[in-house]
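For reference, the chain that follows is the form predicted alone, supplied as structure tokens.
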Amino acid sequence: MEIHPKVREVLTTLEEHSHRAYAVGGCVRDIMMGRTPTDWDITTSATPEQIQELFPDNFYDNAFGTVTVKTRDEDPLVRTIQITPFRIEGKYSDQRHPDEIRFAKTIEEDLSRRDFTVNAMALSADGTLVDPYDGRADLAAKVIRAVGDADARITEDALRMMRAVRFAATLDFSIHEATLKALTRHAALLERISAERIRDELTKIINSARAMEGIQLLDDTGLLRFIIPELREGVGVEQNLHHIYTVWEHNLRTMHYAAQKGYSFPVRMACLLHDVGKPRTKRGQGRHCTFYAHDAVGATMAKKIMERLRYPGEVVDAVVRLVRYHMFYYSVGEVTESSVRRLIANVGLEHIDDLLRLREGDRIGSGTPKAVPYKLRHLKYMIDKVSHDPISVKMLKVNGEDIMQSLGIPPGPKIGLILNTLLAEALDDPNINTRELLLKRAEGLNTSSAADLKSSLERIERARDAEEKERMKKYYV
């Protein structure tokens, strides 16, 4: 069990001054699992004043006695280390914050207030493990179990219910039976927790590789109805001949694809919510039922959900756009370049790749074996084609007005011929594509005949053909 050298140095300094000190919580859990901790916390018998005396470069301004020590180490993980005195907590009247915090005398007292056994272990500088609640055994058994009485731990801090689900999802653990029952009994307490705290835990669940299992567990425990009740409207809602799963199952499986692919949070969230509007738009039953306008209805619902959970505006906008346009139609040879441009304009070029990722997940979540069929590859090809300037005079650093002013000639066909010749030469040597060099070259071309200038059009056409062939090869079309 390797403790970071800088953390061990801090622990040793405290011990050398007659204070007991331990790495504690998630960092101990992580190193026992062979993972690199994402942060390091230390608990000690020293008071905040004694900690500050030993580590003068610090920050201290909180009600928990935590002193943030600035190590200025090159490793960002230990550039700051939080040191908190042993403490015990009083009653939680609001199911979130302790009414009273008192400093404790022993590490065992401190560990008794923690949420789950796998987080209630402490490690000294010499590697001695303090584990009064068998957290090491629960790690081996891959179990999330509340410290002591599960009902007491949950009612102290209702956010622990979501933390239990999050740890189960991210660590691929199960939840101990008594703890799971406590979650189910007290699910309604989640209403007392701020939307921001719920959002943060939900984001971690959805960003995990086992996001589908996490959302399913939120539903199994009754927590989901206090987070995204709209999703539950899809439970048991059968779909038409294009689907083999219910709306609920389809949404989860679509998100699962995005999670397995490692896609961004907005894509995963959009996958989860993309058909949230279907239950409210369903007409008819059986293989030929319809869900007309479920994309528009779903976008409105997604916006309310995301705003209720206090997600940033740019995240809300991204998810809503993906949900709104996920039903885009595309058929090779039928959809024009102008319609592809309209799709890009509606979704935004910055979101178009994510929209295609959502479509992939939608297909797999429907039971279709192939995520990227020929039609989707062809659409990617078309998007690439219309979102980049074709080989044209638009690429040049000068335009027709510049040529006329520089050469003192009137508008006419020759202007276009000069520009095309400049383009052909710039394709051969991109270094000449500067205003100064192009205008200088235009002076020489002004003396050429129209026939000579027209030869450049063939060179441009050959370059366009070559670009098109490369694009087609890229997308296998």
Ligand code: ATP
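Keep in mind the model is a prediction, meaning the values are calculated, not measured. Just count from 1 along the sequence shown to find any residue number.
What comes next is about the form predicted in complex with the named molecule, which does not appear here.
*Asks:* Just give me the single entry in 360, 115, 354, 138 that has a non-hydrogen atom within 4.5 angstroms of the named molecule in the predicted bound form.
*Replies:* By the 4.5 Å heavy-atom cutoff, the listed residue in contact is 115.
*Asks:* What is the one choice in 263, 167, 311, 86 with a heavy atom within 4.5 Å of the named molecule in the predicted bound form?
*Replies:* Checking each option against the named molecule in the predicted bound form, the one that comes within 4.5 Å is 167.
*Asks:* For residue 38, is any heavy atom within 4.5 Å of the named molecule in the predicted bound form, or not?
*Replies:* Contact with the named molecule, yes.
*Asks:* Is residue 274 close to the named molecule in the predicted bound form, meaning a heavy atom pair under 4.5 Å apart or at it?
*Replies:* Outside the cut-off, so no.
*Asks:* Give a yes or no for residue 303: in the predicted bound form, does one of its heavy atoms lie within 4.5 Å of a heavy atom belonging to the named molecule?
*Replies:* The answer is no: residue 303 has no heavy atom within 4.5 Å of the named molecule.
*Asks:* Is residue 268 near the named molecule? Define near as a heavy atom within 4.5 Å, in the predicted bound form.
*Replies:* So residue 268 does not count as contacting the named molecule.
*Asks:* So if I measure heavy atom distances to the named molecule in the predicted bound form, which of the stretches 254-262, 106-114, 377-385, 234-242 falls within 4.5 Å?
*Replies:* Selected range: 106-114.
*Asks:* Would you mind checking 4-18 for residues with a heavy atom within 4.5 Å of the named molecule in the predicted bound form?
*Replies:* The stretch does not touch the partner at all.
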